[in-house]
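Before any questions on how it binds or moves, here is one chain, the form predicted alone, in structure tokens.
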Amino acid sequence: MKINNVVVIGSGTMGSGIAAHLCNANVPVTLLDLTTEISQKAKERIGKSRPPLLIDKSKLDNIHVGNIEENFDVVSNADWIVEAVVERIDIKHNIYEKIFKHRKKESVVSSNTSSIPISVLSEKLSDQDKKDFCITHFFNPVRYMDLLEIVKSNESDLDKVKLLKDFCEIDLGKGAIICNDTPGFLGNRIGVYAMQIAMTEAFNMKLSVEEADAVFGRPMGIPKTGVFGLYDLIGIDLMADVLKSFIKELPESDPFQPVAREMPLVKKLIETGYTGRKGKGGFYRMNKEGGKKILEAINLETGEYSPSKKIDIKSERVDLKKLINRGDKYGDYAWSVISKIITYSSSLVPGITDKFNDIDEAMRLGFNWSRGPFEMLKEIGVNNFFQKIDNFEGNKFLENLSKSKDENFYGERQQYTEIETLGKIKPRALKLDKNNSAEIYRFPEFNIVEFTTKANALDYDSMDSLKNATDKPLIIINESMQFSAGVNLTYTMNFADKGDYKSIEKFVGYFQETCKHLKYSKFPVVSAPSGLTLGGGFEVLVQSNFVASHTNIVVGLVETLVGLVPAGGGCKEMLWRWSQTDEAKNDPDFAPLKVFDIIGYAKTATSPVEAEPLKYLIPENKKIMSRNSLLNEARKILDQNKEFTPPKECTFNLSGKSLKDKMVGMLEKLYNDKIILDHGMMVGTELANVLSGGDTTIDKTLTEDELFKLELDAFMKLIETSKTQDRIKHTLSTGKPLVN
């Protein structure tokens, strides 16, 4: 049987998210609710969603809507029926009675519950119906969160479960992990426990909210929100309900019980409407003082708010050994939290899963951790861990490991999938060359470069690795959330603050040289992006010979927002792409004006489909739903291009002054309408100079190197201004652009 037709019942946040993602995969889907009006409104919300739930908004009408009274007969044609109604067991049981009465016998039925055990959900089903029933727990937002937990029962037909897993993995691009019927399944059981431990230990060790978040964040390989920031994001009241569910479902002896109990401060926050970002605030809040918004943090002991303090624990990289051995309160807190997470996670093996690796992958896919509990244990070192740990009595996993002291206990990563992923192949590299910003994995027939900085921002070392890896066919790919957020602005500003503009010029020149080297390398270069692919990250991509893009990318040239122009070949490559259009062949100014609009407004695309009309990507670039498949697809491209010939160098014929005057006229209108201010005018003028070809005429042919020089000159002129530096500093400190 194949899954060709799906019905989703329940059009709330999760139901509509599942329906939208099925639409992304070109699978016919019908969304049902109590009334057609409700499901129609859900469909409209999908169309307006930000970030967008649809890869291609034009496909919105592929989602059909209806109601469970008049349109329930669609269930009889469905291969998979997903129940995503409110978390009330009586309502779910009523829906199941209708589903199993109308469905075709070979279909699969699943619930999207996040908390109700499958044994309770299926208690009224016949033995035959139980075989075709399971839980498919998607994480929100469905398009962007990779984890899907498929929960089976003892009665589940394992062939049906495998069918569903394969479909969700290949067609929907999910990291589909099969797990047992235990409270919270894999991700939430460990993830919520980790949050509670991080919170309770912050209280116990008298750390401030900001201090705890500074440790339980990037230094531990966990998203920068930290624990208290994440609590506010999820909703303090919602977290309280989740904890009540765990208290109810877990045995009294479970170590989760004491950390799940309600805290007086949390209770007070909920009662006074401080439920997080959706309420008046939470552990953090925005307060107005003197007409300015000020971020405040709560004092965990007094409950009073005061201006939030930025805590820098001087830990830019994830180095768990160094972190837990700091010898200060931050190291003590990190060890206390990490050791408890490892101990609790290992105590659940084989109860929630017999493959401990799956727990790590659930934390990677569902909570965006860079490493799971067992990878943390591996990194700390088995001997080091047991020298520091106090008590693990009754924990069979740790008891056995303490006897074997096997430093190589981990085995292969990502056992949940048969796809040859980046995580699986890295340990098999013949050689690993690394520096502070990237790693080169060398294999017999190709190399892989993976960036390793924060947000994979690019610097001199990143370029060094790219250049040194082109002695074979090259794949540029990353396991982290982002491909690259662009050039490392902190790195650049460190030179600017010292007035060392020569070093900035040298770096940008080397960036250009490296990107040109990638484009015209003897061997093919494939970029396989996922997540942010902005600025310099896009310039690496666009000057690769081939692209295999994940459907979840945010791509674009955004340099003007920080008072700069693209200088790694971005202007040049966009000019070339647009100059190949029919319109450009009839009008020499068409391409420069189009690119001026795209780069000037820092336009971005949130999928490959959105990227193509802007020519950030081209139709020949592959679009991949499954992130796990990116490496496979990149390798296929290399296999298909063994007789690779580098492209011919581009040349340009641009109008020069007359074209620049047109562009400046457009800027003056924006300036007069106060859409841009003084520095926006300067940035736009420098961009106009690059895209018009500078001091040229239409009959003069410009080389790529001459375009590179125009980019570099504009970049250097702007970086030396105080207003561009103000923009950069503002963006680095707030994450938002400054208009000046």
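Sequential numbering from 1, following the sequence displayed. Keep in mind it's a predicted model, so treat the numbers as computed, not measured.
Heads up, the form predicted in complex with a small molecule isn't pictured, but that's what we're talking about next.
Though the small molecule is absent from this view, in the predicted bound form it lies within 4.5 Å of a heavy atom of just one residue from R189, R627, H137, R364, which is H137. Taking the partner from elsewhere, A548 is found to have every heavy atom lying beyond 4.5 Å of the small molecule in the predicted bound form. Interface membership of C23, defined by any non-hydrogen atom within 4.5 Å of the small molecule in the predicted bound form, is ruled out. Put simply, K165 is far from the small molecule in the predicted bound form: not one heavy atom of it is within 4.5 Å. In the predicted bound form, the small molecule sits within 4.5 Å of a heavy atom of I38. Each of I9, G15 and K92 comes within 4.5 Å of the small molecule in the predicted bound form, counting any heavy atom.
Judged by heavy atoms within 4.5 Å of the small molecule in the predicted bound form, the contact stretch among the candidates 244 to 252, 556 to 564, 110 to 118, 410 to 418 is 110 to 118.
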